[in-house]
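Single chain ahead, written as structure tokens, the form predicted on its own.
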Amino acid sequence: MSFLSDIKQYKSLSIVGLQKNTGKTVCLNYILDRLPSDNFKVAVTSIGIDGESTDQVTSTIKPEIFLKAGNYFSTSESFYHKKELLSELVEITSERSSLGRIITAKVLRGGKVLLSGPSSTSSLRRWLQGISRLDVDLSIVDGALSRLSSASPIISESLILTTGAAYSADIKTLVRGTKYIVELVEIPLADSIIIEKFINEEKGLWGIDESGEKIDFKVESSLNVDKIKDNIVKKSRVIYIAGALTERFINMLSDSQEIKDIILVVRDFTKIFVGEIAYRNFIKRGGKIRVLQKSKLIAVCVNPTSPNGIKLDSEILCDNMRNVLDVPVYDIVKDRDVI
């Protein structure tokens, strides 16, 4: 099955960069260019600002975003007026950003566009709901690792990660860092019984006791557990954190004598704010982490160059990635004729 065939299996896709300048826009353009637009409706937006010709921070040249006739796009009112394509206005939403209201339009004649759409999880969900009314086959969100909400399974069913020399100039460090993020994305789903108990709990800290009953520990987050940390481990082998999983909390569990019996559950990988050392220590000591929801990681795409002139060997980089990852790895530029 091809790269694009994998993508077309899902209704929504997030493209998330592990760092700025890791090839997100190149990947987006590759996908948009190759997906059919006559009998396959595609909609695209961005949680940041994408499509600028020059990076506002580094002053380096950036790839612009090209849309084909038939594509739908959502962007801010300010950027909509700067488009270099012919489009039909579909909707002016009540969502607002610093650049004005969010506008959705259909491309009639292809060209360049700047994208800056919904920026919060709730507004992205509303965007997806609105786009679905247009019978769109695939909705694409251009995101960033620093804004993990766009990669959450509550936003998108599938995910592509982009990484590269801008993340690290050392191949070993780059591969290790990417591998860790991929491991988080690939954390297994919890058992169906656990999912059923906690899927509707959006706040607090919860557990399941030995008789299978749900426990409410009456704390708002994992940041407020000092007074009851001993009770948490003694009363429950399954611990669910509805909010963020912090390094402090996972270290507390790692210090427990009962760690081998603990299953730690989070909503999805975007809720994990834990460094690799603390994460691996928890796993090494016998702890288990599960998620209530997960997206399908379709591929990791690499960019061997960085804005400061570093150029890694693409073949060596991709081979090293493939040796440690169980997902397809592509250099979009180098492999463009074969994927």
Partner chain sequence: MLFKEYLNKPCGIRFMFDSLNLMSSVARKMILYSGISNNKKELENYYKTLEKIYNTLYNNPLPEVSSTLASVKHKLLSFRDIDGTMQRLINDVVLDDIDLFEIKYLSMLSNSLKKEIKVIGYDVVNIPDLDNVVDILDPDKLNIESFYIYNSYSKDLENVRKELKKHSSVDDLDGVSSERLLELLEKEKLLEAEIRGELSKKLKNYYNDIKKAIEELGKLDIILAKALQIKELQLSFPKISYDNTTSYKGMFHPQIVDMYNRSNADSRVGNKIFTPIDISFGLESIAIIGANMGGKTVVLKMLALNQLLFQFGFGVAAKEAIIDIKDDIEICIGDDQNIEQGLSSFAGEIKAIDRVLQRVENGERVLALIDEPARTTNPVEGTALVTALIKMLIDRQSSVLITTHYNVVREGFKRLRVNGLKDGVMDYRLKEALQSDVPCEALNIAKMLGVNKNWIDSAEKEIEEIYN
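Residue numbers count along the first chain shown, from 1. Source: prediction; values computed, not measured.
A second form of this protein, the form predicted in complex with the partner chain, is not displayed here; the remarks below concern that form.
Between the partner chain and the residues Glu186, Asp170, Glu157, Glu91, the one pair within 4.5 Å by heavy atoms in the model of the complex involves Glu91. Checking Ile259, Ile131, Ile103, Leu264 for any heavy atom within 4.5 Å of the partner chain in the model of the complex turns up a single hit: Ile103.
Using a 4.5 angstroms threshold between heavy atoms, Phe66 counts as touching the partner chain in the model of the complex. In the model of the complex, the partner chain stays beyond 4.5 Å of every heavy atom belonging to Lys218. With a 4.5 Å cutoff on heavy atoms, His81 counts as touching the partner chain in the model of the complex. In the model of the complex, the partner chain sits beyond 4.5 Å of every heavy atom of Ser97. Stretch 103-111 is the contacting one of 119-127, 189-197, 103-111, 236-244, since its residues have non-hydrogen atoms within 4.5 Å of the partner chain in the model of the complex.
Across the proposed site, Glu201, Asp268 and Ile283 without exception lack any heavy atom within 4.5 Å of the partner chain in the model of the complex.
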